[in-house]
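What follows is one chain in C-alpha cells, specifically the form predicted alone.
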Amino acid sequence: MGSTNSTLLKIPNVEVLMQETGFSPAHIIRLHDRFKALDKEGRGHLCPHDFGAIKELAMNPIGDRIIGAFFSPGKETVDFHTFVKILAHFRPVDKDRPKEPNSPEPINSRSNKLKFAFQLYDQDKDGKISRDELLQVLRAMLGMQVTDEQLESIADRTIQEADLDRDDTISFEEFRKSLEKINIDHKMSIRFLR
C-alpha cells in the first residue's frame, strides 16, 4: 500500500483526476505506468507516434482516428491528465456510483461515449457526418472485403436511415437516435484492471 500512495503522490491533482474520471487509485497507477511505458523518452507527454506501441491501435483500421482523438486541434502532445480523461470515455459505467447533485455528466456517460464516437467520423469537425466521411471510415474498416459500389451502397443506406432532416448528412442528434437500441456502454468499454 505504501508504494501505491507514493506513486499517487507523484501525480499532481490526482484527487481531482479521480473525481473527474471515476478511476480508482489502482486504475490511476496502472494508467500512469502505461503512460510512462509509452513515454519512452521521459518527456512527460506523448506524441502521436508514441501510440504506435499499442498493438491494438496499430492493428485497428481506424487506429489513426482513435489516436487523433487524444489530441486537441493544433496540439501535438498529450499530458497524463488528458490521457486519463480520454481513456475515461472507455470506462464502464459504474451503476452503483452515486450521482452528486449539480455535478457534471460523467466522462463515461452514454452521451459522452456517443460524442467521442461521433468525432471519429466527423473529421472536419463541422458537427455533421458527410457521405465522404462515412465512406472513409467504411473503407478503413472493411477495406478489400467489399467493392467500392457496395461501400457506397452501405453509406447511402446508412445516411438515408439516419438522416431525419434530409440534409444528406448525419448530425450528432441523428447519430444518437440511430444508436438508441445499441448497448454503447458494452461496445465502448475497456476493463482497465483484470
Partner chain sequence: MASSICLCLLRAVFLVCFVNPLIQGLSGDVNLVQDPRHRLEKNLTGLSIVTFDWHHVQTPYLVITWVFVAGLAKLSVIELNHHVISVVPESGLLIILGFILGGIVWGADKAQTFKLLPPTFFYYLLPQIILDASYFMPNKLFFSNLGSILIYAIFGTCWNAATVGLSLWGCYEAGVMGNLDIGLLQFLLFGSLIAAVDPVAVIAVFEEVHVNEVLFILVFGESLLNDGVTVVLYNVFDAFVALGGPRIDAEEIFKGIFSFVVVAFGGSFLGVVFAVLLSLLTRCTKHIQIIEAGFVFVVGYLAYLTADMLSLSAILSVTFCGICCQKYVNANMDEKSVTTVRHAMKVLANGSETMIFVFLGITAIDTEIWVWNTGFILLTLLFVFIYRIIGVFLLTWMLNKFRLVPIEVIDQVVMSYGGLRGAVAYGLAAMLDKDKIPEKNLIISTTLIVVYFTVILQGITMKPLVQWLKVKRAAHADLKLIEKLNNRAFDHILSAVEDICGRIGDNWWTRGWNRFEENYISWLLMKPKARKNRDYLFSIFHKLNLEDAVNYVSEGERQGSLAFIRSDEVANVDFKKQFGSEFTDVMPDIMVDMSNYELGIENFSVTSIVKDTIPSVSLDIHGKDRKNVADDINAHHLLQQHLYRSRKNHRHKFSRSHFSINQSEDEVQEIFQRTMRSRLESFKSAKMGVNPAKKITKHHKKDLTHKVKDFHDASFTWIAQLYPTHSSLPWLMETDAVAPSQRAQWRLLWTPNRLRRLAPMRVSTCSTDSFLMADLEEHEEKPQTDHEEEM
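Positions refer to the first chain, counted from 1. In this text, the rigid core denotes the largest set of C-alpha atoms whose superposition between the two forms falls within 1.5 Å. It should be emphasised that the depicted structure is a prediction, and the values quoted were computed from it without experimental measurement.
There is also a form predicted together with its partner chain; it is not shown, and the following applies to it.
Taking the partner from the other structure, its partner chain in the model of the complex has a heavy atom within 4.5 Å of a heavy atom of S189. Contact check for G143: a non-hydrogen atom falls within 4.5 Å of its partner chain in the model of the complex. Put simply, I107 is far from its partner chain in the model of the complex: not one heavy atom of it is within 4.5 Å.
Looking at V93, you'd find every heavy atom of it more than 4.5 angstroms from its partner chain in the model of the complex. Proximity to its partner chain in the model of the complex holds for none of L9, I29 and V78, with the criterion being a heavy atom within 4.5 Å. Although its partner chain is not shown here, in the model of the complex the stretch 55 to 71 places heavy atoms of K55, E56, L57, A58, M59, N60, P61, I62, D64, I66, I67, F70 within 4.5 Å of it, in sequence order. The Cα position of C47 differs by less than 2 Å between this form and the one not shown after fitting on the rigid core.
Once the rigid core is overlaid between this form and the one not shown, V137 does not reach a Cα shift of 2 Å, moving by less than that. The two forms, fitted on the rigid core, differ between this form and the one not shown by less than 2 Å at the CA of A69.
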